[in-house]
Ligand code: FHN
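Presented below, as structure tokens, is a lone chain in the form predicted on its own.
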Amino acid sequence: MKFQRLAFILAIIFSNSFTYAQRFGGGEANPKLRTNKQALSHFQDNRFGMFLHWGPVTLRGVEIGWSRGTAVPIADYDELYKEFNPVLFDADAWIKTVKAAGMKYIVITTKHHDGFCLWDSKFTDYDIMSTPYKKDIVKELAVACKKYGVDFGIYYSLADWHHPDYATRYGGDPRPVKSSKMSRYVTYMKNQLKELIENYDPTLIWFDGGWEECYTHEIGMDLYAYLRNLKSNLIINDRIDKAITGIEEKKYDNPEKYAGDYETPEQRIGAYNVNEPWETCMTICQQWSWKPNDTMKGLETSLLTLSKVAGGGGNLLYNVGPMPDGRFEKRQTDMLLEMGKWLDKNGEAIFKTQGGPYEPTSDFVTTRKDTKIYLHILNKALSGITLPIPENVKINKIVNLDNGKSIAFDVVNNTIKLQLVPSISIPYIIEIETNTNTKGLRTIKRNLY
């Protein structure tokens, strides 16, 4: 077994973990550990990425991780890897679709809560090399991302309901936890994460699964310090720690106390926040992993979501669940390609922008870049709009971004008055060119317009 072959290495790294805990206090964040501003700014500029939930569970068409012991008996679930043989997987084809959709980065589930690893790991046999496929999925994706200029990110679950030392059971797993030892499991995680960083060089790690009692704030702080020292410009989400802001509408009491570089609202659009980075993760269909005939969101809904997220100051990580044979569903690919066509014309209003300066409404959101403010119209029936002009700003011209045609406007009492023609498609973008850099403009509250 791979565990036994590397017992000596595990012991050494485990002992080093205490050095990290002592060095960084084990509970208080060291601001110097935060990722560098350039890396975080690049992450925010990307705005749009693809989440990928995939593994042997696609053979049953049920949810990844959570179906172990519920929809699928544990004995059956844990044997699915022996049938997993995605012979039509093509990393280049995946990343070409990502590029054509206008997406700038991916995040692939290297290990979900079920513990199965999509890469060739030295620390477990429960991995892709033990399947009939026997090819390193993560490696192929990392290579393809580099080839096509897409940022490569990995998802890694802090929970592992398969590993004997993870001190929580799920789905009616009958194994006792008294013999489990979280310190050994933490060492296992560190070894795997170091392996992923050194062998695949991800730009970000998307953690999940840290809500259970056996995973503590101290473990999260120590792991954050450990990873930050392995790669200083690594982007790490907030779920590495206990104070996640994803599923629950919960804010940090003190951001300096917790680990993580950005917030992760899940299956909802995050609140307007142009001061702190955040990323909405959302499914294209209803389920994270592939499900036959799953209900899919349409193009208009998808584009509205993208505009609303960007207008609020966040990124959109849009999830695709590949099929068991390794392909994307054609209907999902077709919809993503249509999003890419829209971005070909309107991408300047999404990428490398800030949210605002106007707070979002149900009728519109705004983004900004350089001397321009982009007005994303969300309401097909909207026939006119009046907006206060930001202080010390002069409006030079206003055009429809899609066709470049000028839009007439009036300036009355320091407001812009626009007449709009109801549209058959939304969102559409109106570009407002000003005489100043819009980056430093203050947020204009909704009650002012």
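Worth saying up front: this structure is predicted, and the values here are computed from it rather than measured. Quick note: we count residues from 1 along the sequence shown, nothing fancier.
Just so it is clear, the following notes concern the form predicted together with the named molecule, a form of the same protein that is not shown.
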Counting non-hydrogen atoms within 4.5 angstroms of the named molecule in the predicted bound form, say which of Tyr133, Trp211, Phe351, Tyr148 makes the cut.
Trp211
Contact residue in the predicted bound form, from Glu329, Asp78, Glu266, Asp261 (heavy atom within 4.5 Å of the named molecule):
Glu266
Determine which one of 106-114, 355-363, 220-228, 166-174 lies within 4.5 Å of the named molecule in the predicted bound form, judging by heavy atom distances; exactly one does.
106-114
Any chance all of Tyr155, Cys281 and Trp288 sit within 4.5 Å of the named molecule in the predicted bound form, going by non-hydrogen atoms?
yes
Could you confirm whether Arg239 comes within 4.5 Å of the named molecule in the predicted bound form, counting heavy atoms only?
yes
4.5 Å heavy atom contact, Trp206 and the named molecule in the predicted bound form
yes
I'd like to know if Trp66 sits close to the named molecule in the predicted bound form, meaning any non-hydrogen atom pair within 4.5 angstroms.
yes
Close approach of Trp54 to the named molecule in the predicted bound form, 4.5 Å, heavy atom:
no
